[in-house]
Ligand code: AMP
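In structure tokens, one chain follows: the form predicted on its own.
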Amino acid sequence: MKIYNTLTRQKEEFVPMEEGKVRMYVCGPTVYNYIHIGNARPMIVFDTVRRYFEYKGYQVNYVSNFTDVDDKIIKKAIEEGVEAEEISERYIQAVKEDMEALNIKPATKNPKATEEIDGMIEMIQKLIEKNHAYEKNGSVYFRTRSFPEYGKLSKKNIDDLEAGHRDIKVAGEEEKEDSLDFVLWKPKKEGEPAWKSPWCEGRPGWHIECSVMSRKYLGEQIDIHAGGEDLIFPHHENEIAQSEAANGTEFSRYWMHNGFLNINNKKMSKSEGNFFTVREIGEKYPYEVLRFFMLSGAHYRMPLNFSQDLMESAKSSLGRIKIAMERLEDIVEKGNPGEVSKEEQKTLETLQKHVKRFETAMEDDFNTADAISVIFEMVKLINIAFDMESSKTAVEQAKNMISQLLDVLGIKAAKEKVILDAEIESLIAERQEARKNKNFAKADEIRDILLEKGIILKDTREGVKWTRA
């Protein structure tokens, strides 16, 4: 299996540190709003990477964090007149709902930054002791030049970075020993959440959070660190510097980064009016179509263009697969119980060769677009080869082959039984009654039941609104 390693800028054979096991850390979202479709791309891509490892028999320890202390969260809390924790908890729940709707498997662990402060203080102290960090007026900074390999991930030259910083004046910049030094701990400001530390009451810098959470749940060295390409510099570069300086060992053996998502060939931004949340797209298309689009549109390292036309095309393509799988289910249920014929056996052997081609595509740096094209060839073959006179045994084998591959992609093999509107309204009424009686556990249970059936609830001032995923 070959993975393109951002660190070396080449495809490398994947060799795990521990045979049969993969330790994988994926940078998660900052929870101050609903996730947008750009956030969804790394979630879908690296969930698929994880699924393929598991398909191949690996045990994957998959950790993805929530950044729940950040300037954006604090700003939102001030705007709404609530505590920062209320904002982060609200959107952590929303992210989990969106991820479930996108059929993203729950992480082995979803650590929250605010629950790992002690570990961050401990790592910062270690960096100070090793002379890689220093305190100034309550702030603690990492000495960037103390790490000789700084820039090895982003391929940035530290002297070029220095030249680019000379004319930049930032508040507090004058207290740094070097303009390239980055913050590990900062003093609190009025109205901000804060924690006690040896230097001041304050909060951690962003970069230290991931280093600490990765070390705690995966160890000092991991197999794969992943995220969007916008994180290569400075976030992942800084993670490498502080982790390797503190731990004295290579941080991650493989670095994986997905390309940007563009909207109608333009960068997504609110000012351009082309900014879409996952939920907004979910109101127009089944969430599964969005997942299928993300995996079929381009290789994960390439930029991906999003448009309504491309989503319509993805919806149509996915529909062809679904119809074929439903037809196979129908044959298994009502078809011929006779023995597998020689012709059917040949078809199964051809399908098995296609399975190998699917695996070849996935093992060439997870080329999901090519893997999906193989599935279409399998669909074309079964549509020709099988009908109601075919052996149920042969058809079931064919169905199971394709279902397994679809599961790797996080695509459900066939449509689930549709829950009726009346059933939805009844469950919503039951949930409202539970909330009225302050039985929040029951209310959450009902929300989860509806979510499993593809029903997304949204609490509004006008009452509960619902949409089908």
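As the structure is a prediction and not an experimental result, all values here were calculated from the model. All residue numbers are counted from 1 along the displayed sequence.
The same protein also has a form predicted together with adenosine monophosphate, omitted here; what follows describes it.
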4.5 Å heavy atom contact with adenosine monophosphate in the predicted complex for all of 27, 38 and 258: yes
Adenosine monophosphate in the predicted complex: contacting segment from 305-313, 226-234, 178-186, 337-345, heavy atom within 4.5 Å: 226-234
Exercise: residue 268 in contact with adenosine monophosphate in the predicted complex, heavy atom 4.5 Å: yes
